[in-house]
Ligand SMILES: O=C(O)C(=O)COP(=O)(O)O
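In the block that follows, a single chain appears as structure tokens, in the form predicted on its own.
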Amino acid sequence: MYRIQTLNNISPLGLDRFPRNLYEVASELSRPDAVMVRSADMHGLDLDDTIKAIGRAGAGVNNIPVDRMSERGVPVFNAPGANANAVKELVLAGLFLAARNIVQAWDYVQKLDDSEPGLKKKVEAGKKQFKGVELPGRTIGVVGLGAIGVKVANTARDLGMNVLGYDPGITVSNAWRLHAGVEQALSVDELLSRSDFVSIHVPLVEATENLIDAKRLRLMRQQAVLLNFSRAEIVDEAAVLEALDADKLSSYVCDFPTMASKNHPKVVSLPHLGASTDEAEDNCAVMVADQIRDYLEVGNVRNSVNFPETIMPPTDGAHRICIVNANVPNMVGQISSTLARHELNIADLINKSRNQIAYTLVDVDTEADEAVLEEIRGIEGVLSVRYLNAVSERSS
């Protein structure tokens, strides 16, 4: 039996992916094999040494001690793209809200207090201040062309907008999905200077913190709109508020309200609604549950933020050894020599690396006893070893 601990309410559709004859799933669980989490902060938790995997039912992993898990040889999985449509739709809503000053106009009407004839007069008199713009022919710049950014860019293009995209690390698969009419910007600065609307879709890392700062805000077009549905820290909020007060920006739409911004007349701040749909929560939970199962039962790694993508179909009747080690020379040689000394024949092997972590899957023809596994664990640089006896292809 595998034991899965949940630290948040996880979609039942995701939890149902764990067969009850193989898995025990609960929020209160000692010595779990894996943890599923959404927003719970794990940095201060005393995490069991039995944990073999952590799955984040979402994209960002800032609430997970990824470096600490890497040192222990534990992969951290996420669900890139599973909530992409939900975030895309919210970005589009923000785009329309800003273009037509919907929130400010609605607030104006709610505060009117007069008789019916007086109300109509004030409505007609007041509507002039909320005049907006139409989107076709306007230019939107999309910073970050991952799963969400590509969807935003493509939909904006379908709306008749000119679209600039910037992402020096765009994947081949995302490039294939991108609308042919999306123009490449050569830098963030170029994108900002050419866009009427700017939408940010990058992860929060050291290089992206305060990516949009006072200097870059000065590059933006007069009365441009900034949309941030990634992370609050990617934008220098104080600089944005100054730009709004100076009429440099016409609107800031974000998913991260603060005391400084939430009541500003030109800010539309939402309560982190990006992935808050039933469909997105289901999609994320299902994706992560399947990835955890594939790792625990077969040893495969898909969509890990700290491990290399490593997928090897099991050899019929094989016994699989899963080895996590520091990415240093001669590790595969030492592992192979150890197996040879114990007269174990290698049926198949794959070795992948990512930054400081390397991961090896080895299928051997006959059972490996504990002495073999202990000898592999004793190799300097090996972080963890798992043995899957007579592994077979997992069926969903």
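Quick caveat: nothing in here was measured; it's all calculated off a predicted structure. The numbering used is simple: start at 1 and walk along the sequence shown.
One more form of this protein should be noted, the form predicted in complex with the named molecule, which is absent from this view; the next part is about it.
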- Task: May I ask you to decide between open and blocked for this site, after superimposing the site C-alphas so that the named molecule adopts its pose in the predicted bound form, counting ligand atoms within 2.4 Å of backbone or C-beta atoms with 3 as the threshold?
- Result: open
- Distance check, residue 64 to the named molecule in the predicted bound form, heavy atom within 4.5 Å: no
- Query: For residue 32, is any heavy atom within 4.5 Å of the named molecule in the predicted bound form, or not?
  - Reply: no
- Item | 4.5 Å heavy atom contact, residue 352 to the named molecule in the predicted bound form | no
- For residue 302, is any heavy atom within 4.5 Å of the named molecule in the predicted bound form, or not? no
- Task: Consider the chain as shown here, without its partner, and state which of 53, 358, 364, 59 has a heavy atom within 4.5 Å of the named molecule in the predicted bound form.
- Result: 59
- Of 152, 163, 275, 249, the one that lies within 4.5 Å of the named molecule in the predicted bound form (heavy atoms): 275
- Task: Work out which of the listed stretches, 325 to 333, 34 to 42, 338 to 346, 66 to 74, brings a heavy atom within 4.5 angstroms of the named molecule in the predicted bound form.
- Result: 34 to 42
